[in-house]
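Quick setup: one chain, the form predicted alone, written in structure tokens, and binding and motion questions come after.
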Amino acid sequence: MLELRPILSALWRHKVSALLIALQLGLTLAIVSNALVVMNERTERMSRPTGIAENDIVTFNFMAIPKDYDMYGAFRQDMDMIRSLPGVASASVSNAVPLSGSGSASGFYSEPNKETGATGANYYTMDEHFIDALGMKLVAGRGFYPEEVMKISPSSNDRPTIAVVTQKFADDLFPESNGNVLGKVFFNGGDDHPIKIVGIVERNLGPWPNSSVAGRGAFYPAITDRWFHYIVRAEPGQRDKVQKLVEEKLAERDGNRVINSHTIEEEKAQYYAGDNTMVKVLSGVVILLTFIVALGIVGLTVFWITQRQKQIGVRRALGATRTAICRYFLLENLMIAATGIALGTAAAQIFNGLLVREFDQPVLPLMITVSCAVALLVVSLAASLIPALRAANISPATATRSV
């Protein structure tokens, strides 16, 4: 404790350089803590369970060359052929593919003829195999029967009367029901056409996992004759073989179309490409800033030690131990770091408030700020330790030679 006064006196003589290092530490803390909360939010978002067998699913779509192509007839023949292929566990047809960034959504109501207060959700039109093909878990009710699957065209007024929904859709649309929504009806777009819930699946994030409607999904037993996707679930470990085989067989069965295929893993990677890039860039920023602040501390400590060699030699000649010399510089660094961390904690909260208000970023938890502060304190002490040990090895003869 007796060293505090000379340390404060030395810092006051070098107040500009000490303040710059403290500000650098504070700025680093503000940026790193907010970067970590954004990285954590993005990582959690990408690691959410999707509710489907994403590792085993391949999707196919095609563009028919003839203008009057019989899409519905092609679908029936293609599905029969695909389901007979080796390695195929299940197959279905749908208007949209989960995690693809392309699909359909609407506002739904628990009462007819309402125009405000809709619950937004994704919706799919699919055949009776959709639960098995997507690898979803049915938690209540049932799926569709083959005779319930409708053929819908743009000119048709036919509309589905039943649906399977996700648990989140049920909870959000009927919050008072505690999830017991089997047999309840809902309405699409504020009309009076009732759609009865016959089944509930555990989870499906939908085509846009980052949107406000993610997790809410309604599945209708219907097939459109305009465009659709084949969803094929392969046996575990057979996905790539199935993808190649199905492409070949679809081309052999009908050469009047151009076929494209993607795995769900590819769709997911493409959808989260922005989030992945954000995490990588911020990781680089965190590492770079920490490295720069450590270099600054090392440089400043070495500079001060070089300037004070005579002073250190005199102290050593007067009986100061190596431990005392080392402790002196560590305490000096600790005081600078503590000042910087105090400034950085306040700056981190102000910076986070701006991000939350202007860019809808997550709130910075106090625990992350404290963790970053402790980490920077450790980095600061570690960066000054080697120069401090070097100072401790300065011999008393140094003072004598410089007189």
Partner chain sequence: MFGYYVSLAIRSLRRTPVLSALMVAAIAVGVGAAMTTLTLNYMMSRNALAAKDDVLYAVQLDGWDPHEASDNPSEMPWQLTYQDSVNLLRSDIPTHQVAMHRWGGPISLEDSDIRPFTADARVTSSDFFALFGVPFIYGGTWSAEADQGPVQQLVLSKETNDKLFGGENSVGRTVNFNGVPFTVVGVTEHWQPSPKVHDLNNGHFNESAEVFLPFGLHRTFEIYPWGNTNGWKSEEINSYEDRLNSDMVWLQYWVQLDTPQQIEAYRDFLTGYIREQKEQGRFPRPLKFGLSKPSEWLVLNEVVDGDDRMLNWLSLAFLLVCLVNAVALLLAKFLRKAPEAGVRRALGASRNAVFSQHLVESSCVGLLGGLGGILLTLAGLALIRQLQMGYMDRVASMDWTMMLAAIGLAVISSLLAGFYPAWRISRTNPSIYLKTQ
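Nothing here was measured: the structure is a model prediction, and the numbers come from that model. Positions refer to the first chain, counted from 1.
What comes next is about the form predicted in complex with the partner chain, which does not appear here.
Contact with the partner chain in the predicted bound form, defined as any heavy atom within 4.5 Å, is confined among 50-58, 364-372, 341-349, 31-39 to 31-39. With the partner omitted here, the residue from 269, 324, 139, 317 that has a non-hydrogen atom within 4.5 angstroms of the partner chain in the predicted bound form is 269. This chain is drawn without the partner chain; in the predicted bound form, the residue among 150, 198, 278, 195 with a heavy atom within 4.5 Å of it is 278. Not displayed here, the partner chain is approached by residue 64 to within 4.5 Å at the level of heavy atoms in the predicted bound form. Of the heavy atoms in residue 181, none are within 4.5 Å of the partner chain in the predicted bound form. Using a 4.5 angstroms limit between non-hydrogen atoms, residue 202 is distant from the partner chain in the predicted bound form. Residue contact check for residue 260: one or more of its heavy atoms lie within 4.5 Å of the partner chain in the predicted bound form.
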